[in-house]
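Take a look at this single chain in structure tokens; it is the form predicted alone.
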Amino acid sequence: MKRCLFWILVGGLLLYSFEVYAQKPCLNCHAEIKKQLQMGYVHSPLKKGECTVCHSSHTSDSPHLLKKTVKETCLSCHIKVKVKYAHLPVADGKCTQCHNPHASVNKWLLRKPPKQLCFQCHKKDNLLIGKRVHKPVSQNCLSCHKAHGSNYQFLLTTNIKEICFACHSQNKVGQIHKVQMKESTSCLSCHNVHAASGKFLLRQYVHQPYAKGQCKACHQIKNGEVCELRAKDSTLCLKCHPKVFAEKGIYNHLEVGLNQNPCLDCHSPHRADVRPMLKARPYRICLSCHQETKRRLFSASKKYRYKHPNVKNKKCLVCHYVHASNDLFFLKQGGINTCLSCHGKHIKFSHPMGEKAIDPRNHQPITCITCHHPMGAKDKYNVIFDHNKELCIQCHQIGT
């Protein structure tokens, strides 16, 4: 027993000695990494010569001989904080998309300065829609946004009002607008926080009652002051926009939303940059609620490799209704006919579909999305399984 313990101890010491020794010759071969030691910011393990904290000396199942995946490697030291909204690269474990794992001339080991780094994914043309640029945007995106995640939408550091009034005096803003700033007032209702063509970053299109100074059309007026809304739900909007009722259906966007008045999830009551008074481009509005679709759309996972052209081109409204539908997914012509409006020839040779073709797994009629997922699938033709065999045997069991 003593001999066994002795050899275990010796083996452990030899392994430890080898790991310590292995750290020294790494830079003899990896000259490009050695040069990075001269940069202003060096990752602590590299600085200490502890290469084997992250890398295996011999073999690995992960690229660059990492002991674990990139995400697992980073989180072994950097504690993950739970937040409501996560930055997509963080959620996907792509830490090295923004950070250099060894060294950088930028703080936090960033590959580029924050502003340049953000614009690699967030295209300037989509954000800076006018020549007048908000000062924080031209300086540092992190003035308002958190890089990894936040409990506030758009990865904001706190709520919109607190961010704005950190620089703009609330009293002065109230005097300029000549109205009392209510708790529910949002600066984004009139101003574009990134850039705009007009003065004061005002949005381009104006809601007619607001343009004509008819605040009482939506608000109660007391002692000459603009007060609370005349109604808190969608009836406030529908009294002037009744044609939305023409889109009645079993499923209705007016029945659910982030706000008590779901119209305000998509539309701005005062000013907007996108017609008809939309808070953003349609696909951005859609993805603000449909998080699973967003994950599929932006994920680099092989499971979601193939995406429908309309999805890749962010044209949600080609296939979907906006307000209401009798189809669960708000498809304009139903589950099969919407697809056939473009893929008409497939009706001649496709797999049987409809009421006479029942899926044995859930006993529901087979439609196009039984086999295809337009938002992202693992095989070509947007097929959710390998189309050679794996897809077929989901329903057609092979006897043994």
Partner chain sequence: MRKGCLLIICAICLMATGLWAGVKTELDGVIYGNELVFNQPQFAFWDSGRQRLYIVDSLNNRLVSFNSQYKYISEFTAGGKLNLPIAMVRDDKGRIVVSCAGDHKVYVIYLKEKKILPLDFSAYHQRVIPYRLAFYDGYLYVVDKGKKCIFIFEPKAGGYSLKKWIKEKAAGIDDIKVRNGHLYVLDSLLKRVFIYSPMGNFERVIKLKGVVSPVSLDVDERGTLYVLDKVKGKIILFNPNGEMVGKFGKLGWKEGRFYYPQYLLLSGTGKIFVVDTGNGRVQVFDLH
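So that the term is clear: the rigid core is the largest set of C-alpha atoms that superpose within 1.5 Å between two forms. Given the structure is predicted, the values throughout are model-derived calculations rather than measurements. Numbering follows the first chain given and starts at 1.
Heads up, the form predicted together with the partner chain isn't pictured, but that's what we're talking about next.
Exercise. Quick check: do Tyr85, Tyr210 and Leu278 each get a heavy atom within 4.5 Å of the partner chain in the predicted complex?
Worked result: Not one of the three qualifies.
For this session: Identify, from the list Cys167, Ala300, Val81, Leu328, the residue with a heavy atom within 4.5 Å of the partner chain in the predicted complex.
Result: Here the answer is residue option Leu328.
Exercise. From the list Glu228, Glu292, Glu162, Asp125, which entry has a heavy atom within 4.5 Å of the partner chain in the predicted complex?
Worked result: Partner contact (heavy atom, 4.5 Å) among the options: Glu292.
For this session: Give a yes/no on whether Gln220 approaches the partner chain to within 4.5 Å in the predicted complex, heavy atoms considered.
Result: Flag for Gln220 set to no.
Exercise. Within a 4.5 Å heavy atom cut-off, is Lys71 in contact with the partner chain in the predicted complex?
Worked result: Because no heavy atom of Lys71 falls inside 4.5 Å of the partner chain in the predicted complex, the answer is no.
Exercise. Are any of the heavy atoms in Asp233 no more than 4.5 Å from a heavy atom of the partner chain in the predicted complex?
Worked result: Result yes; Asp233 sits at the interface with the partner chain in the predicted complex.
For this session: Report yes if any heavy atom of Ala377 sits within 4.5 Å of a heavy atom of the partner chain in the predicted complex; otherwise report no.
Result: It does not: once the partner chain is placed as it appears in the predicted complex, Ala377 has no heavy atom within 4.5 Å of it.
For this session: Look at the stretches 257-265, 71-79, 211-219, 313-321 and give the one with heavy atoms within 4.5 Å of the partner chain in the predicted complex.
Result: Within 4.5 Å of the partner lies stretch 257-265.
Problem set entry | Contacts with the partner chain in the predicted complex, stretch 51-65 (heavy atom within 4.5 Å) | None of them.
Exercise. For Thr367, is the C-alpha shift between this form and the one not shown 2 Å or more after core superposition?
Worked result: Yes, Thr367 moves 2 Å or more.
Exercise. Under a superposition restricted to the rigid core, does Leu128 display a Cα displacement of 2 angstroms or more between this form and the one not shown?
Worked result: Leu128: C-alpha displaced by less than 2 Å between this form and the one not shown.
Exercise. Does superposing the core leave Ser325 with a CA shift of 2 Å or more between this form and the one not shown?
Worked result: It does shift by 2 Å or more.
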